[in-house]
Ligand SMILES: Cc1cc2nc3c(=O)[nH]c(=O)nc-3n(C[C@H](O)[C@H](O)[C@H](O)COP(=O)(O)OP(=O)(O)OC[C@H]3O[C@@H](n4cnc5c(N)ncnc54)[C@H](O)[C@@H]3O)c2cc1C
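Taking the form predicted on its own, here's one chain by itself in structure tokens.
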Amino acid sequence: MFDVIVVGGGPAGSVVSLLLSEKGYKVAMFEEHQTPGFPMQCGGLISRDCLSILKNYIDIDKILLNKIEGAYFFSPSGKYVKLRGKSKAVVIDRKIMDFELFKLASSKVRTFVKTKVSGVLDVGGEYIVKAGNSFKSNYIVGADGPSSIVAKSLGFDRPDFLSAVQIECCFDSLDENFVELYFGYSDCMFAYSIPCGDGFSRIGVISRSNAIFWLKKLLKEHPHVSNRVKVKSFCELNCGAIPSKLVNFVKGNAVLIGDSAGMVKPYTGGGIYYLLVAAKELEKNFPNLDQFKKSYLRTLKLEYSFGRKIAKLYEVLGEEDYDYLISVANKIDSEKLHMDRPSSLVKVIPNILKLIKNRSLSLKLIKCLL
């Protein structure tokens, strides 16, 4: 009998297992693969604030690949602007990060690897986890990603999912310390190139239904990408699913965390910072899961709200709108913007609206952002 069973040995599951075990709870963690981090389903771009949280758990020198100072923003026609952000960022090796977190958690908790959980039963106040044998616990944590068996077994609401595909290949980046974002090459967000050092970049796209189509279109047709990418030299292909929204993540003595709960930034799909915040809030409030839910939502309420507003812009902005925004973007104080805190956009919205003389575009921004 365990106090807590955590299903999933990725970053969310590992950090939660570690933190709860340090509070004195008897924790078991189940991971279906031999090693966590495979297959990789992440661009590996995080803020330096997020990196500072990871320092509490692992040696970040083992995972650091590149430092990022800002981004190039491209309109569909190929116009672009180079901006620096407030938070700065880094590119990390997700496989090593996942492994290091898992190794640390495994030194503190009972760990089952190559053990697939096939179902979870709620039997009047305790849970039975089916994983070959049956295991009992008082609490259950579903950290098992988009296809969460915990969520399905216990009747949690499920979000819709976006498809994502990414390759790592040789690419002539405009600047090795700047990511590139390509608007108009996805039906819901944007495509990207993340330089990870030594002339290699991770190039990917998130889509509602056909990410491969949009990635091929980017690689073959984009006026700036097609002549700089060396697709024949790509060394890795990754595909995955990204939840479209946050769902109710507490039910009885069961809780979802990370991708299984939809804990991702609505405007980028990135989730590492949000899951680290969730893990810490869970530790602070455990075993009161309702209080955990309130505390987490209170901490990130504004970020989810503004993140959804930014995501709406992808649906309403056209090619001419992007061209116009890029033409005035260098007059915006981009160093006030933080990649993990979309609410920081509030600081520059008045300046943006003053710069824009296009009434139609102004109305679109006001409708989505205010």
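Note that residue numbering follows the sequence shown and begins at 1. Everything quoted here is computed from the prediction, not taken from an experiment.
Beyond the structure shown, there is the form predicted together with the ligand, which is absent from this document and is the topic of what follows.
Taking the partner from elsewhere, A143 is found to have a heavy atom lying within 4.5 Å of the ligand in the predicted bound form.
Among residues of the shown chain, K216 is not one whose heavy atoms approach the ligand to within 4.5 Å in the predicted bound form. Although the partner is absent here, E303 sits far enough away that none of its heavy atoms falls within 4.5 Å of the ligand in the predicted bound form. Mapping the unseen interface onto this chain, V7 counts among the residues with a heavy atom inside 4.5 Å of the ligand in the predicted bound form.
A single residue from the set S186, S137, Q166, S193 has any heavy atom within 4.5 angstroms of the ligand in the predicted bound form; that residue is Q166.
Interface residue among A211, V117, V179, A254 relative to the ligand in the predicted bound form, by the heavy atom within 4.5 Å criterion: V117. The stretch in contact with the ligand in the predicted bound form, judged by heavy atoms within 4.5 Å, is 146 to 154, chosen from 168 to 176, 146 to 154, 280 to 288, 294 to 302.
Taken together, the three residues E32, A241 and G270 all lie with some non-hydrogen atom within 4.5 angstroms of the ligand in the predicted bound form.
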